[in-house]
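Next up: just one chain, as structure tokens, the form predicted alone.
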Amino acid sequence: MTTNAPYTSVGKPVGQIEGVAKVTGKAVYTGDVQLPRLIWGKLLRSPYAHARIVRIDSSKAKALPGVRAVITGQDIPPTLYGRRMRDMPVLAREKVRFIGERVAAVAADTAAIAEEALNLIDVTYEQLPGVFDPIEAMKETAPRIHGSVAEYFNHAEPVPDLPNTYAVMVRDKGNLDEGFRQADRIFENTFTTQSNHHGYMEPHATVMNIDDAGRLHAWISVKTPHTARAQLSWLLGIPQEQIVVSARHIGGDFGGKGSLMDAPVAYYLAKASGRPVKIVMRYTEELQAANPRNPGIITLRTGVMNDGRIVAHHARCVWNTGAYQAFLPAGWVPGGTEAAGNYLIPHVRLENIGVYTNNVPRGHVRAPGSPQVTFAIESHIDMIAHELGIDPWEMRMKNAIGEGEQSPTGEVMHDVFLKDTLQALKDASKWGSPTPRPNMGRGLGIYNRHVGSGSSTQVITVDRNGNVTLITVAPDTGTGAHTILKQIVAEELNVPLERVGVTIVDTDGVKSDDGVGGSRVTNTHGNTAMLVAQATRASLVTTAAALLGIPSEQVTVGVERFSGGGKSVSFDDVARRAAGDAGGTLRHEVTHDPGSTSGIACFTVQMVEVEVDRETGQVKITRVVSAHDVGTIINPIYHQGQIDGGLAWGIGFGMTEELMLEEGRLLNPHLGDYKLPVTKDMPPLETVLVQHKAGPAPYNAKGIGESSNVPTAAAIANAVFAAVGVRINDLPVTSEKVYRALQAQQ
């Protein structure tokens, strides 16, 4: 039973329930956790990209007053770990594979003493040849970074036979050779993308404490507490029931808070010292040794007919994943399967090759792999359209996938409104009209983001005073997720929002949960919250029926009232009776997995308008129109916030952000040089919502969290070409690159 539209709580611009705590400084993050006798952990990191560890002398560090423990790889078990394939040591043992790899760790009474102790550890290295380019790494003459990946738990099958590769994934549809034989023309282009950091405000942090009973209590800035508990259990050899993982407030995620990071080190320091240990990464460490975006080399070969219809497409994505694959939960970069875009193509081959190099290990960043391949395919489509003399919008409309048609990977697509969204974008942006000034141009980019799914557990309690509490282990990474869940519960129970509270528990509090991420929160946790709210309401209706003396099916649920048989009772009276019957609190718990959402489409189409200074190459974005295929919007504030924030992400990826590495060494190791976009960098944005009641989440909602950041870079590059006729195939699109291209053009 669900309430009828118009909704009373859903669709309302409710402020974030955690907002006051965050802006007043009362919110407790992992780095804020304080425990009795807490000491600080610090890490010694490798100065070399590839070297053999000959000797480590930590005697001076151990003798320093205030130092409680010093450990190296030889002091702990050699077990490797990772989110899927386990190929990364907690501390390096025989050799190091990237600059910034953990070599030793210190725990001391203060952070300053721990830092001083690190300087007293003497490590002798024997440098080895390194390899930093993925194409070079696959050559037979390249230095080997790892042995055979067949040695690693959860390695990819079949084991790649290319040097320094951890996975080769190929997907075929149709007959590629036949498709190219049919084509009138064939186009081939190569694109390169850079690595960039998530830019979250809160760095990785962890606190580990082993209590007197030997139970491990872990506070980790991680978005998947139950998954983290399972990973710790496997790595440390401790039963899961002996581990409690707590996630406090998370100061931004964007894909980066899914790994254990330094938590295993903190455990071994706590075990060695007999004290609780806290480790908080400095931002230099974040940029140097966290899990940034995978750079890619993407080669596209496409066969088209003279009228612009695409008949064959071959994509080869080579991913520079760095020294370890441990931060990739899928075992490879998932965006590689999107390298044919959102087009109806009968013959397709998609190749994804994951390569080890002596660079910082890469992981998941907002829509992992999608911005890279979307930059490539959407630039490539524009280049083909230009050569054929076809308008870029017409080229996309001609090839756009439709309802019930197969995607390039063979999925049958549902709820497809790509052409509607393209048309809405064209109408709003006035595509095809003259630009206001010379040296201005407009570019397009399109993207489809799946709706994620997974399992979650939610609990609702109602006490004798009528207070409703939703209990969850899923953290809010800053998106407003807890507010959304609160709105769903209030809607289903037909009570004011003020009556509903949200409580975050540790892994002891609910039995299982896949955590947040992958555009799944509203679908996964929202559907579970709706189900447990419906179960709670059913119990309240049964109690109300008893009070009214009528059958349950005759009870009408009103706002804080239950009516029937010419009588009514208040929500408070019903709650008091129901809670009393249940021993003081009415409680319902639901574990639910909404199942596969494969093939459900959520499209974004963006138009970016730029103005280029021919004298300097400077690119200024003058206007953005972002059109989105959406379902019911549960909270318009956070829905628009995701679009706005995604645009900032897209501009950063497209124009300013890059982790600049030279033979594995980071050249811009602090935020002053990294160039995250700021408010002044944001252009005027017009949002167009193409709304259909066709989403899998509660009330037919769809996902929005990883959409608007993806097509922006391609739209920028296409707009630059439209403005001044130069094509930038390697990101970011900087003024220096545009200037050099303009000089070459002259």
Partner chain sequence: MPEMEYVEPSSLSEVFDAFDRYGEDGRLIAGGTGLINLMKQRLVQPAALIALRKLSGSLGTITSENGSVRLGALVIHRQLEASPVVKQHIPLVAEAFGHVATIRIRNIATIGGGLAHGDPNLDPPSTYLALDAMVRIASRSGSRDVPIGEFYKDYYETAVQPGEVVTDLIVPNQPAGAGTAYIKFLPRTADDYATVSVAAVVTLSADKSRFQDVRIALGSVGSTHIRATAAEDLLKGRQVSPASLKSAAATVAEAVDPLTDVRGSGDYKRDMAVVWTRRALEQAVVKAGGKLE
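Residue numbers count along the first chain shown, from 1. Keep in mind it's a predicted model, so treat the numbers as computed, not measured.
From this point on, the text means the form predicted in complex with the partner chain, which you will not see here.
Peer 1: Let me know the one among Glu411, Asp75, Asp391, Glu116 whose heavy atoms come within 4.5 Å of the partner chain in the predicted bound form, would you?
Peer 2: Selected residue: Glu116.
Peer 1: Of these, Thr79, Thr190, Thr656, Ser563, which has a heavy atom no more than 4.5 Å from the partner chain in the predicted bound form?
Peer 2: Looking at Thr79, Thr190, Thr656, Ser563 one by one, just Thr656 meets the 4.5 Å heavy-atom criterion.
Peer 1: For the chain shown here without its partner, which stretch in 521-529, 485-493, 116-124, 240-248 has non-hydrogen atoms within 4.5 angstroms of the partner chain in the predicted bound form?
Peer 2: Looking at the partner contacts, the answer comes out as 116-124.
Peer 1: Given that the partner chain is not shown alongside this chain, does Thr503 nevertheless sit within 4.5 Å of it in the predicted bound form, heavy atom to heavy atom?
Peer 2: So Thr503 does not count as contacting the partner chain.
Peer 1: Is it the case that Asp613, even though its partner is missing from this view, gets within 4.5 Å of the partner chain in the predicted bound form, heavy atoms only?
Peer 2: Asp613: yes, in contact with the partner chain in the predicted bound form.
Peer 1: Although the partner chain is absent from this view, report whether Glu157 comes within 4.5 Å of it in the predicted bound form, heavy atoms only.
Peer 2: So Glu157 does not count as contacting the partner chain.
Peer 1: In the predicted bound form, is there a heavy atom of the partner chain that lies within 4.5 Å of any heavy atom of Ser735, even though the partner is absent here?
Peer 2: Output for Ser735 is yes: heavy atoms within 4.5 Å of the partner chain.
Peer 1: Quick check: do Val557, Thr632 and Tyr699 each get a heavy atom within 4.5 Å of the partner chain in the predicted bound form?
Peer 2: The answer is no; none of Val557, Thr632 and Tyr699 reaches the partner chain.
Peer 1: Is any part of 668-683 within 4.5 angstroms of the partner chain in the predicted bound form by a non-hydrogen atom, and which residues would that be?
Peer 2: Heavy-atom contacts within 4.5 Å come from Asn668, His670, Gly672, Asp673, Lys675, Leu676, Pro677, Val678, Lys680, Asp681.
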